[in-house]
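Encoded as C-alpha cells, the following chain is the form predicted alone, with no partner shown.
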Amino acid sequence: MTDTYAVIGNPVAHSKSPEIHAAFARATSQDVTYNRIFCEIGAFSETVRAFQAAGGKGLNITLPFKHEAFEFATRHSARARQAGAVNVLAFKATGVEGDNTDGAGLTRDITVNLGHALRGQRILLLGAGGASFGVVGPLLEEAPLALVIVNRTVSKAEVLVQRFAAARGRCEFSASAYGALAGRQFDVVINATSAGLSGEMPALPAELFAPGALAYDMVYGKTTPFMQYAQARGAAVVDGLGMLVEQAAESFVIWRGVRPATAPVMAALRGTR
C-alpha cells in the first residue's frame, strides 16, 4: 500500500516539496505519494488530525505553523526541543514524533554544496521567526566567530539569544536592531524573513557585506530584493533551494530510513541537468 506524506502551510501552492520527494522516492524505490495541503490560520490541529485519520504517515511543516507543530507533537527530537519548533511530523503507533531539519539543511547546503565554511565566520541572521528558531542551534555548532540576530522587534531576537545562550561557546552571540548594524560587516548574511515572498527588502546598510561575503536567502525560486541588493554590493548570492532539498532529505530519512542523493534533484530543479 502506498504511504502518503504532504507539506502543510499557508501559502503552500509554491512549494517544490512534492517534486523533491517524488524524485527521492523514484531514486530509492520507495512506494510513497506526497501532496500539498493549504491550511487556514487557526485550523492547524484539525487539518493535521484529518490527514492522520485518513492514513497519512508524515508531514513537512512550513510557514506559519512550525510552533503549532511543536505543540501538536507528543514526542520531540533533541533538535526540535532545542528549536522549540517542528518542521517534520511522523505519525507512529507510539505517538506523533516532531523533528526539525531546517538547520541541518541550511548548514549542509552552505558547507557541503556551496563549499563555504562557517567556522570562524561573522554571521548575520535576518529575522527571528520560526525559520530562525530551527537554524540558530546548528549555526552555533559550526563555531562561528559571531552570530548576530537582527529583527524589527528586537525583543524577539533577544528571546532567541536567551534560548540558545548555553550553546554559544566562544561565539559573539547577540541580538540587534536594523539601525544598529551601521559600521558592521559580515561574512555570511542569511535572510530568514519572508520579505522576499512579497517583494520587500530588509533595511540593511550598504557596507554590510564583507569582501567575499555570502548572501543566502531562504526564499527559493526567485531573485529577491535582498539578493539583488547583496549582489550589487559584491556578495555571492544564493537562494534557499539547496536548503529545501537538504532538509527534505533529512525528512525522508526520518520517514523511510534511507538517505537519498540530493545533487541530482537540485540539478534537475535548477534546470542544469
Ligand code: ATR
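Not measured: the values here are computed from a predicted model. Start at 1 and count along the sequence shown; that's the residue number.
What comes next is about the form predicted together with this ligand, which does not appear here.
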*Which one of Arg168, Arg81, Arg75, Arg152 is close to this ligand in the predicted bound form, taking close to mean a heavy atom within 4.5 Å?*
Arg152
_Exactly one residue in Ala195, Ala143, Val159, Ala180 has a non-hydrogen atom within 4.5 Å of this ligand in the predicted bound form; which is it?_
Ala195
*If you check in the predicted bound form, is Ala128 within 4.5 Å of this ligand, heavy atoms only?*
yes
_Whether Leu63 contacts this ligand in the predicted bound form should be assessed with a 4.5 Å heavy atom distance threshold; does it?_
yes
*Partner proximity in the predicted bound form: Glu200 to this ligand, non-hydrogen atom cutoff 4.5 Å*: yes
*Looking at 111-119, 130-138, 182-190, 85-93, which lies within 4.5 angstroms of this ligand in the predicted bound form, counting heavy atoms?*
130-138
*Between 96-123 and this ligand in the predicted bound form, list the residues on our side with a heavy atom within 4.5 Å.*
none
